[in-house]
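The form predicted on its own is given below as one chain in C-alpha cells.
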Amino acid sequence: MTVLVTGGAGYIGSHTVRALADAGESVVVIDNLSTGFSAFLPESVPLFIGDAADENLVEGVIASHGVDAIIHFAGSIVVPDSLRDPLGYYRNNTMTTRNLLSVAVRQNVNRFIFSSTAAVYGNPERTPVPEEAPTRPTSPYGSSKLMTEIMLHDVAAAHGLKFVALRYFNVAGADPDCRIGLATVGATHLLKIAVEAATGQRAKIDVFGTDYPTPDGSCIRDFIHVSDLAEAHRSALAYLRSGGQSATLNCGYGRGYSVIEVIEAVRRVSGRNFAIQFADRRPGDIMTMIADTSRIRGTLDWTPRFDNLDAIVTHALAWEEKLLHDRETSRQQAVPA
C-alpha cells in the first residue's frame, strides 16, 4: 500500500511525508515545486514533478505505485493574494481537487485526506469554534477550500469514498531535528516573518490592526506546531484504514495567542529586539480564531507533543538560523579563490 502525497515537497507536506516515511509507510509525491523543495524529501520517496491537476500524470502514478490513499496538500494559501486573484485560487484549489478526485474514483482509491482551513468559518460567532459552526468564509481562499469540502461530501456519497478534511488553524514551527522547515521566499506566516526580523533579515515587522476588541487590540490565533499537524495526518490515515467514517476535524490546540504575544515570544526566546510597525487592518483578516479540538481528540489517536508557544518559536528560530548559515556557507563557497 502506497500513499500519494500531492504538494509533498512543501512546508506541511514535507513534514507529513517525513512522518509517514519514519513510520515505515511507502510514499510517493507529486509536486510542481512552485513553493516546495525536492531536497526536503527523504531519498527513498519518489518525486514526480508536475501538476496535481494533470489527470494523466496522477493516473500513471497511482497505477504504477499501487496507491491506496491520497493526502492532498497542493494548492494556494495566501489570503490577500486570493482577494487579488480569486480565479487563480478557484483553479489551483477547487478545480485541481476536482481533477484529483476524478482520478481517485476511476482508480478505486477510496481514502482521501484533504488539507482544509479554519478560514472556512470566516469570523466565527463564538470561540473556540466547533466543526458544526456556520461556514462563512471572508476570502476566496476560504471559499475555495469550502467548495472542495462540499465536493468531498458529494463524491463520498456517490462513490463510497471515505475522507478526512483537516481544518488547519495557524501552522508554525519546524522539524525539531532541523531537517526541514518553512523556506518559501516571501512567506506570509507571522512566525516566519518574526524570526526573520529576529535574525536581522527584516528591519521591522508589521502588525495589521490594533483596534480589534481583544486584550491588546491585535488578532488572536490558535498556533499548531507543524510536526503535530503532520502526525494528525498520519493518524487520519490510520483512522481511515481501520474503517473510520468520513470526518471533518479542526487542527489546533484550543488556545489562542495574539499577534503581539507571538512577537514578544520571539523577542524573548531569541533574546533580540526588533522594530514593530502598526498598520491598518487587512481585508479578509479574521479577528479571533481558536479551535474546539474535542472532535479530533475523540476521533483520532493523536496527542500533540509541542503544545507550547516557546517550543514552536524555538524550533522556528533554529530553522531560520540554519537557513542563514547554509546561505552564508554557499556564498563563501561561490567566491572565487
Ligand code: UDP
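Residue indices: 1-based, along the sequence shown. Keep in mind it's a predicted model, so treat the numbers as computed, not measured. Whichever C-alpha set is largest while still superposing within 1.5 Å between the two forms counts as the rigid core.
From this point on, the text means the form predicted in complex with the named molecule, which you will not see here.
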With the named molecule left out of view, choose which of Val207, Val78, Ile180, Met147 has a non-hydrogen atom within 4.5 angstroms of it in the predicted complex. Val207
Report the residue, out of Asp285, Asp54, Asp292, Asp307, that has at least one non-hydrogen atom within 4.5 angstroms of the named molecule in the predicted complex. Asp285
Is His189 near the named molecule? Define near as a heavy atom within 4.5 Å, in the predicted complex. yes
Does the 4.5 Å heavy atom contact test between Thr199 and the named molecule in the predicted complex come out positive? no
Any chance Ala156 has a heavy atom within 4.5 Å of the named molecule in the predicted complex? no
Even though the partner isn't displayed, in the predicted complex is Cys219 close enough to the named molecule, meaning a heavy atom within 4.5 Å? yes
Which single stretch, out of 199-207, 68-76, 233-241, 123-131, brings residue heavy atoms within 4.5 Å of the named molecule in the predicted complex? 199-207
Should the three residues Thr2, Val17 and Leu47 be counted as contacting the named molecule in the predicted complex, with contact defined as a heavy atom within 4.5 Å for each? no
Scan 15-30 and note down the residues that get a heavy atom within 4.5 Å of the named molecule in the predicted complex; none is a fine answer too. none
Tell me, please, whether between the shown form and the other one the C-alpha of Gly209 is shifted by 2 Å or more, with the rigid core used for superposition. yes
